[in-house]
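The chain below stands alone, shown as structure tokens; this is the form predicted alone.
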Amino acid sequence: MNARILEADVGVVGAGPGGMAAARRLAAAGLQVVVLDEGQRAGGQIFRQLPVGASGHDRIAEPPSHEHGHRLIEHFERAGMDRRHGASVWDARPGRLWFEQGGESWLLRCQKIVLAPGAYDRVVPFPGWTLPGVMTAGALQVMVRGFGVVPGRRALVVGSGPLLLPTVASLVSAGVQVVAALEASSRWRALRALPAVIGNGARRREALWYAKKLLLAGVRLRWGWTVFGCEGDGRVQRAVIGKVDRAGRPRRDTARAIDVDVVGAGFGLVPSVELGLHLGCASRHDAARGGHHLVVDDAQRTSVAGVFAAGEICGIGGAEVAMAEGELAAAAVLHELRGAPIDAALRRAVAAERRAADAMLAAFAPMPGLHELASPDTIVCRCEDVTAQRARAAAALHGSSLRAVKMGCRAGMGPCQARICGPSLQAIANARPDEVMDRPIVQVPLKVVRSETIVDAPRD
């Protein structure tokens, strides 16, 4: 047998909350499980651990949910399974996963696949967003919590949704002064989520914990504000901020400048659906859940036999949703392989967590008016240096679809394959802020890998 071909009962993609929950349960039941994860350690983005041997900040405060996360990581790492970190899945079909690890090309053959690849930051382009020192909220948290790096002294945190509070708390714990925290959504819109927060114990504890952290740090969340642009010589030195209307359109008459050396922009998350789409799984679009996500039944089965999904790939929901769905996906796999019954309580837990998450996300649904922040010369695709003006010219000449815009100006054809620019590209290119993005275009390789990896891929 080829030494670079693995055999398993179940292949799990992703070692975040959903993937860990599923893999732990499957391994405990005696199944042979292989976990493929791009990170160097388990935990995903939300429960990110420091690299082995790294000495990071020991003052970074963590919310109550992370206690559950640390226990999950501990149980996951003690469970008997093959964990492959630094593994990028670049091709797949049902029962087969090709991945690159350590510069080598591998094939995993398995009976069932559980997809839990997580999500990535939603980017809203604005003038100066490509300056050094301007980054997504997720990237800031990776620096501070994942590597113990203090990114600067005076920070501005902007965006919309639940990512803002963790970013502020992490920066404050690292000793960074947060000079302003701006939430684009209105206070009244956010009140819609209050019943869901109050009615869910885990979310209630999280909300109170973050409220206390902001109060002690003297940081006041400004509702209905965002960043209009960033300026600086070689790196960000100033940010222009101001109010937005209900749709997120900038009110230019309210603009004012503040001095900062770090800007974290978190406008929500986008499900990482590319692998699922490549496998042929059905999807739907839901703006509040982050856009295009996989469709699953009441046991986390996708439309493709033998393929299950859990967590953000099924729509943004957070760690509690991902862990519940991971448990349910594992139960469904055990039902199909061994005839084990699926506990009805698992289905109820998933439904309850999803209801709470959906209610919260509805209050922070993407605001189409934010796409008007980009000026004609604002870069909207940083991989290919495409400006908004050039994207609009391409759309006018070649058509309004995502494929037409990409073919017309190469936007979305760089290393990220439109993961960064895609969610905003059509809305900006067609000058229609409420434009819904086409379903992502996926092709092999799904992730950036060496040409040799593809050429040297093990044959099935």
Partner chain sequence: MSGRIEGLGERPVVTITFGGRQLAAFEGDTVAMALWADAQVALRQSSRNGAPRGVFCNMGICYECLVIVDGVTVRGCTTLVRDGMVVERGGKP
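These figures come from a predicted structure and were not determined experimentally. Positions refer to the first chain, counted from 1.
The next section is about a form of this same protein that is not shown, the form predicted in complex with the partner chain.
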Would you please decide whether residue 283 lies within 4.5 angstroms of the partner chain in the model of the complex, comparing each non-hydrogen atom pair? no
My question is simply whether residue 30 lines the interface with the partner chain in the model of the complex - judged by any non-hydrogen atom within 4.5 Å. no
Would residue 402 sit within 4.5 Å of the partner chain in the model of the complex, counting heavy atoms only? no
Are any of the heavy atoms in residue 139 no more than 4.5 Å from a heavy atom of the partner chain in the model of the complex? yes
To test your reading of this chain, name the stretch in 22 to 30, 36 to 44, 393 to 401, 62 to 70 whose heavy atoms come within 4.5 Å of the partner chain in the model of the complex. 36 to 44
Note which of 75, 335, 222, 235 lies within 4.5 Å of the partner chain in the model of the complex, where distance is taken over heavy atoms; exactly one does. 235
Picking from 368, 152, 95, 199, the single residue whose non-hydrogen atoms come within 4.5 angstroms of the partner chain in the model of the complex is 152
Within 132 to 146, the residues that have a heavy atom no more than 4.5 Å from the partner chain in the model of the complex: 132, 133, 134, 135, 136, 138, 139, 142, 143, 144
